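Next comes just one chain, in structure tokens: the form predicted alone.
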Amino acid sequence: MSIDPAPANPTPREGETGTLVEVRGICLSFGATEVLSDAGLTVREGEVVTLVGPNGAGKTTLIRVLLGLLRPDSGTVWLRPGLSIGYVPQSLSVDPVLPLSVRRFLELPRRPRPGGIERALAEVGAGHTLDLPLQTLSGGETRRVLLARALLREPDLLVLDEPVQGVDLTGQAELYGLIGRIRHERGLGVLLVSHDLHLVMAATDEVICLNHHVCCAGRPEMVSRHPEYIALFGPAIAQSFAIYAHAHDHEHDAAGRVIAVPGPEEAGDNGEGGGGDG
């Protein structure tokens, strides 16, 4: 078993220069309970990868292994040299009597550069929260503040564990839209854990279905039809999620970097094949 931090592996694998992180063959047990068995994932520059699966499937555990918070029994974790990771945890618990403003929270554990906090909050649409007590924020405001905190690290990779937890349906769609916009504007990779499969289908490049091991992985529309995915979630639920088409508006070059592709309105509308139903 090896856990390779960035300095220990200065050369990316051949043909994978766009790779930010690669996790392979992770096995981990807590006592007699096997939590992960031969699990893994890869995230590349500009790519959104979503980890789905039932409760207790080991999703958060795999994230903690990637972050170096847990040491697996076997397997490898490779991080690109110098990789900066911004992490948004599943939940935040703050003592209700603790006098902690959003500004002070974002200054911990070290004070950002002048103006950094204001810029990060503005980027996530939470500038109005700057001097509010952290405990008074709504669920959606809290998630945006946590996202701003992750962005203050100037990350190459965002790791988001249930990023819309405690947020209503409208707020969920807005947050996923925000995450997608940040991905495009900053060109960073995103790894997220989510149960909101109907939204994930439209917001991600690759879905990894985990149930202690990787059941299936691929483009959302492919995973939604995979027999193991259907067996795990049931045919009715799988079918309801399959109707959400994934608009794949970019491609990857040979190095794994994201490149934009023209949308239908940009693809040279010359009247060929573009007629209506008449």
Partner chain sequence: MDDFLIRALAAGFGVAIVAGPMGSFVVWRRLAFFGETLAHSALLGVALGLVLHFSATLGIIAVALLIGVLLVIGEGQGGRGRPGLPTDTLLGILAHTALAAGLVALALLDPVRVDLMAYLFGDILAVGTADILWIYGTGAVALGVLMAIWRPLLAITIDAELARVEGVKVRAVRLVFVVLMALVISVSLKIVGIVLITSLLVIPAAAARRFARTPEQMAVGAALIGCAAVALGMAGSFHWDTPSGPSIVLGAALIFAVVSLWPTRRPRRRARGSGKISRSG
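Please read all numbers here as calculations on a predicted model, not as lab measurements. Positions refer to the first chain, counted from 1.
If you look for the form predicted together with the partner chain, you will not find it shown, but the lines that follow are about it.
Looking at residue 67, you'd find a heavy atom of it within 4.5 angstroms of the partner chain in the model of the complex. Shown alone here, residue 99 lies within 4.5 Å of the partner chain in the model of the complex, counting heavy atoms only. Shown alone here, residue 79 lies farther than 4.5 Å from the partner chain in the model of the complex, counting heavy atoms only. Interface residue remark: residue 71 is counted as part of the site for the partner chain in the model of the complex, having a heavy atom within 4.5 Å. For a residue to qualify, one of its non-hydrogen atoms must sit within 4.5 Å of the partner chain in the model of the complex; all three of 29, 137 and 141 qualify.
In terms of contact with the partner chain in the model of the complex, the residue from 184, 104, 119, 113 that brings a heavy atom within 4.5 Å is 104. Counting a residue when any of its non-hydrogen atoms is within 4.5 Å of the partner chain in the model of the complex, the hits in 138-158 run 138, 141, 146, 149, 153.
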